[in-house]
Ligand SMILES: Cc1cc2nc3c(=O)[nH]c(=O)nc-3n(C[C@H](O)[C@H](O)[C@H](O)COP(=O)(O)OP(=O)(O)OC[C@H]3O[C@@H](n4cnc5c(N)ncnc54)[C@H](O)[C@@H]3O)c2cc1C
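Below you will find one chain, with nothing else, as structure tokens; this is the form predicted alone, and questions on how it binds or moves follow later.
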């Protein structure tokens, strides 16, 4: 609630917090493996939290999706899966959503429903550069709006940075505690001329270790401002970003850092992932 600065729904926030422990246990029963440290879960502070609460799953959301798909298959007598169609618009019945019309193999198909849950993600693909899946295009917003739904909090888009080439992957907050060097295509420090007096790039990165998305509530904002200014000035790379140097992040260096953001545990995982996925490591 504090991180939301008064914009979160207290009832929904309470439900999320109260149900999180049981959800973790259920996912484990379904075969999802959470990282452990000793006899307990490995957890760390992230995304504005004031106490460790972030759990770790290798593969991020993919193991959860695999486990849930398996649970659906086990209930195929009660759940019909239709994955070869595109929903075009929702049906409105008695003032509420009552189904949908879809296109399947060139034919229109009407689906009646007692309730409709839209789980189409946001609209990240509205932006030229983004880290969202290709199908996150805002279709759910549009379909709901067309039948009279009230859309709220549309300004809250989680925008964060990540690798854009040769592999696409987001930066979790802990990466900034490693103090990587950021330069434009000419090798110039992107923070030069950006920071207010008395503020260093180390201060900015140390603050950004607390969260992944952009935030204007702390000095971490100058990291994104510096990156965007370099790109706007035509000093970005041929791939549209800036350069990040992580070559100093040896095991010895990382282990020497104070860790309240998960870098000791998480950096080796990220490093090995990038080594497997790219040709430059």
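Residue numbers count along the first chain shown, from 1. Since we're looking at a predicted model, the values are computed, not measured. Between two forms, the rigid core is defined as the largest C-alpha subset superposing within 1.5 Å.
This protein has a second form, the form predicted in complex with the ligand, left out of what is shown; the following refers to that one.
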- Any idea which of 198-206, 147-155, 112-120, 181-189 reaches within 4.5 Å of the ligand in the predicted complex, heavy atoms considered? 112-120
- Item | Candidate from 104, 71, 169, 125 lying within 4.5 Å of the ligand in the predicted complex - any heavy atom | 169
- Item | Interface residue in the predicted complex among 229, 60, 53, 239, criterion: non-hydrogen atom within 4.5 angstroms of the ligand | 60
- State yes or no: in the predicted complex, is some non-hydrogen atom of residue 85 no more than 4.5 angstroms from a non-hydrogen atom of the ligand? yes
- Query: Does residue 161 reach the ligand in the predicted complex, with heavy atoms at most 4.5 Å apart?
  - Reply: no
- Message: in the predicted complex, is there a heavy atom of the ligand that lies within 4.5 Å of any heavy atom of residue 132, even though the partner is absent here?
- Response: yes
- Taking 4.5 angstroms as the cut-off for heavy atoms, does residue 177 touch the ligand in the predicted complex? no
- Task: Establish whether a shift of 2 Å or more occurs at the C-alpha of residue 169 between the shown form and the other one, with the two forms superposed on the rigid core.
- Result: yes
